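Below, in structure tokens: the form predicted alone, a single chain.
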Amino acid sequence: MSIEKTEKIRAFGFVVPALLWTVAFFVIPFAVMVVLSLAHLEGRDVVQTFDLGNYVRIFSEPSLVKGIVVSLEITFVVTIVSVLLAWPLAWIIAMQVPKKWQRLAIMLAVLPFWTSYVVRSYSWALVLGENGVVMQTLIGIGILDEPIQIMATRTATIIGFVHFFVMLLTLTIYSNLVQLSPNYARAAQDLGASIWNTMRLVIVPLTLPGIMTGAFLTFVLCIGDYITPQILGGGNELTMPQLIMLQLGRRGDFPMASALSIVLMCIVTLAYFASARWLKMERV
């Protein structure tokens, strides 16, 4: 046996465990979910019919359509707000903080990741409640006469999400900023560009890979999150993960839950291709 063929067999041997893992824990479960989404529920029994009835219901029933719209609206708002807050923070850490203190600054920035996700959500529930720090402070300084409803609203859900994802975006943008040569800004200013135009036309475009990577991760994690909308949103506006859990927990409608999951995966896939295409255009 030749050395080349031996190397190929050895390389294939390293790949096989990963392939088996992917097939066992992704391909097969996904195929089962697709088949199950083409069934329907009769009483408490799942009847396999191989039709698109569940998908027709998803896009025809107002409550299910609203769940998709609510999820997309929350996700887009969270992504945009997180980018707008994270970029200045990343720029300050990368450009204004001395290098010897940057690691400490990054560590402080990612402290929320060290706390349980559920604990963070319940902490925001305490902060945003009628007797929480925010309401009591606003009443104490005279801005409000009585507490207003923030908890159990979309606003509370967005605040909880933004608190988490700003840190994620800060890391991805910071990783791009620290790789930029200061000569780019110097060259732009030598050519007469103001600080604002230098930031807008030079620095920000060069950090687009970090921005888009963080924005895509934010989109995926936000639209698929169940905990934060459940704790902070109060169930007044159901998102897609909440609708999926509702089908599973209360109705036992596994075919509809599978169909909703497929739709959610399709949305994430479309977001991926849109981001990849846009990044490719930017690099040209």
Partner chain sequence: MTANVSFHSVQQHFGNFVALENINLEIEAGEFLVLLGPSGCGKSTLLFILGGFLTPTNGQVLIAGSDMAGVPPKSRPTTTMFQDYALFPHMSLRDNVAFGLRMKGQNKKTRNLKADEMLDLVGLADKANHKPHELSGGQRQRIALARALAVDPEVLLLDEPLGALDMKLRRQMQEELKAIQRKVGTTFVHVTHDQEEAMAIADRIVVMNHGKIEDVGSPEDIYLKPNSLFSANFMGEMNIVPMTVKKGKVVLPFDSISAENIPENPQLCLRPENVGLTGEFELGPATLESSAFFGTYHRCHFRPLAIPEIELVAHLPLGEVPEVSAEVRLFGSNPVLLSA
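Positions refer to the first chain, counted from 1. Since the structure is predicted, the reported quantities are computational estimates derived from the model, not experimental observations.
Same protein, other form: the form predicted together with the partner chain, not shown, and the subject of what follows.
Trainee: Taking heavy atoms and a 4.5 Å cut-off, does Ser194 contact the partner chain in the predicted complex?
Mentor: Ser194 belongs to the contact set for the partner chain.
Trainee: Does Phe76 reach the partner chain in the predicted complex if we count a contact as any heavy atom within 4.5 Å?
Mentor: Flag for Phe76 set to no.
Trainee: If you check in the predicted complex, is Asp190 within 4.5 Å of the partner chain, heavy atoms only?
Mentor: Although the partner chain is absent here, Asp190 would touch it in the predicted complex, with heavy atoms inside 4.5 Å.
Trainee: Residue-level question: is Val178 within 4.5 Å of the partner chain in the predicted complex, judged on heavy atoms?
Mentor: Contact check for Val178: no, nothing within 4.5 Å of the partner chain in the predicted complex.
Trainee: From first to last in sequence, which residues of 201-234 have any non-hydrogen atom within 4.5 angstroms of the partner chain in the predicted complex?
Mentor: The stretch touches the partner through Leu201, Val202, Pro205, Leu206.
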